[in-house]
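First, one chain by itself in structure tokens, the form predicted alone.
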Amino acid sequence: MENEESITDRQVSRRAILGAGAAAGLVTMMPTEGYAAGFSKAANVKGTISALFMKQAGYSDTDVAKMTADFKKVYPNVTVKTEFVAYEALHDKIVTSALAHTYDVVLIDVIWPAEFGSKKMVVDITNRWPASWTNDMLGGAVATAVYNKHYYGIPWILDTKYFFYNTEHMAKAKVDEASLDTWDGVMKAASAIKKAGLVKYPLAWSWTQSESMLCDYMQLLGAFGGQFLDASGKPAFNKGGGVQALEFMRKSIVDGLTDPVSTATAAEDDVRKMFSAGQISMGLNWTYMWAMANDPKQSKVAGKMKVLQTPAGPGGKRPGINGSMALSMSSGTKNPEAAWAYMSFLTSQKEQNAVAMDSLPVWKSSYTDPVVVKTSPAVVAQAKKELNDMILRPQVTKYNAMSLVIQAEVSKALIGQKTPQKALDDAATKAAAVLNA
């Protein structure tokens, strides 16, 4: 990118970064140091900023309100206006509001840094990024906001999809829970549960035509040893493990193990609700499902569920999908220092540790912090394994457009309009056209 240093060209010490920040009048708060650093300048940061968040998985509206209230105590001269939209509306909301400079801080998905960064819709914060963060954060988190060796945000929501199952159903169907370590074992367990008449459909997925469906497909593609793009950047999902993954998905529907609603209307929260109601026995979902499905006030299966790292495919691979998100500074912000202070504060280790029930922190040392472990010991135990092995969706500038054409073709295979091979061949042709346009 023009007139910009790459991360690899900037091997500077933490002290040098802090010194440069002070010289430029920046407010640099180090999350690994709690609230100590940066606050001597808090009185100098003032004004009003607007922030756009996602009303879905991850941190809840209540979590964000608490974090914002904490921020206000330290930055009393900054007013923060928050807005929440569904994930499906988030991308377009950021794009359409860019010219109007509506927001100062926006939540971006791991698949958007290439698009937003190349179009300069969000600020390149490489020169603000403390070197220590790269070591202190988990690798999957650091990758969240990187494009072309530059940082376009601060990782905030670190997430992947885990495998949840109903222990009572397993016991009644006489299924050995250890068999759920592989996808083959999961299908055999589903067959046993269906045969026992415990539920009509043991499985449900978020396979409606959307990004959530592609997340599940990518996770299974990785488990079956497939590649999304080859080394030259061309579609490769229509070969090998990519085809086997889609065949696996379709077979689970044909065999009557997956609820047909999965391909019609089901998103992640529908899977969570069905599981909580005891209508299904197993499902993939983000971290937040554990707390909600294990809450007796809103779940019939509280205390009757377990969570596992994603099951392994035929070759033993079991990558989780990288569903992380970052807080980015909108390029049109009129108050970059307040925006930076807010982003840094919400992503700080102290704030993240305090609300770890809904989304686990991006900081490595948090996973040995008793406060975090106590919130969800079962999830933390699996997170330690899965967060170190996550499959990243391609960082390409036209990801959203490419995703849409692939979603359409995968959907056709899932509902039986095309064979998996034909659907993926057509998807590869259309995806290549999008990337080359």
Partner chain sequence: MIEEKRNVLERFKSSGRFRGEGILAFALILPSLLVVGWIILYPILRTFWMSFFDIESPLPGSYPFVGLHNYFAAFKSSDFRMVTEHSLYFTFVSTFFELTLGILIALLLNSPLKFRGFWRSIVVIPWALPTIVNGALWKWIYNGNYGVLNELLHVFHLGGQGHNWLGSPFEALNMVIIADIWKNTSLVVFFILAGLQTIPSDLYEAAKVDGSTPIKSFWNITIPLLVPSIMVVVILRTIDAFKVFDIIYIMTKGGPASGTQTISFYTYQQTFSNEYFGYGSALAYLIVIFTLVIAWFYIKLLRQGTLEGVS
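These figures come from a predicted structure and were not determined experimentally. Residue numbers count along the first chain shown, from 1.
Missing here is the form predicted together with its partner chain; even so, the following discussion is about that form.
Note on contacts: among Met121, Val80, Leu308, Ile253, the single residue with a heavy atom within 4.5 Å of its partner chain in the predicted complex is Met121.
Only one of the listed residues (Asp230, Asp176, Asp92, Asp295) places a non-hydrogen atom within 4.5 angstroms of its partner chain in the predicted complex, and that residue is Asp92. Shown here without its partner, the chain carries Asp159, Asn388 and Gln395, none of which come within 4.5 Å of its partner chain in the predicted complex through any heavy atom. Stretch 400 to 408 is the contacting one of 400 to 408, 47 to 55, 380 to 388, 61 to 69, since its residues have non-hydrogen atoms within 4.5 Å of its partner chain in the predicted complex.
Contact check for Leu99: a heavy atom falls within 4.5 Å of its partner chain in the predicted complex. Its partner chain in the predicted complex comes within 4.5 Å of no heavy atom belonging to Ala171. In the predicted complex, at least one heavy atom of Pro260 sits within 4.5 Å of its partner chain.
Under a 4.5 angstroms non-hydrogen atom cutoff, its partner chain in the predicted complex has Thr265 among its neighbouring residues.
If you take 411 to 431 and check each residue for a heavy atom within 4.5 Å of its partner chain in the predicted complex, you get Ser411, Lys412, Ile415, Gln417, Lys430, in sequence order.
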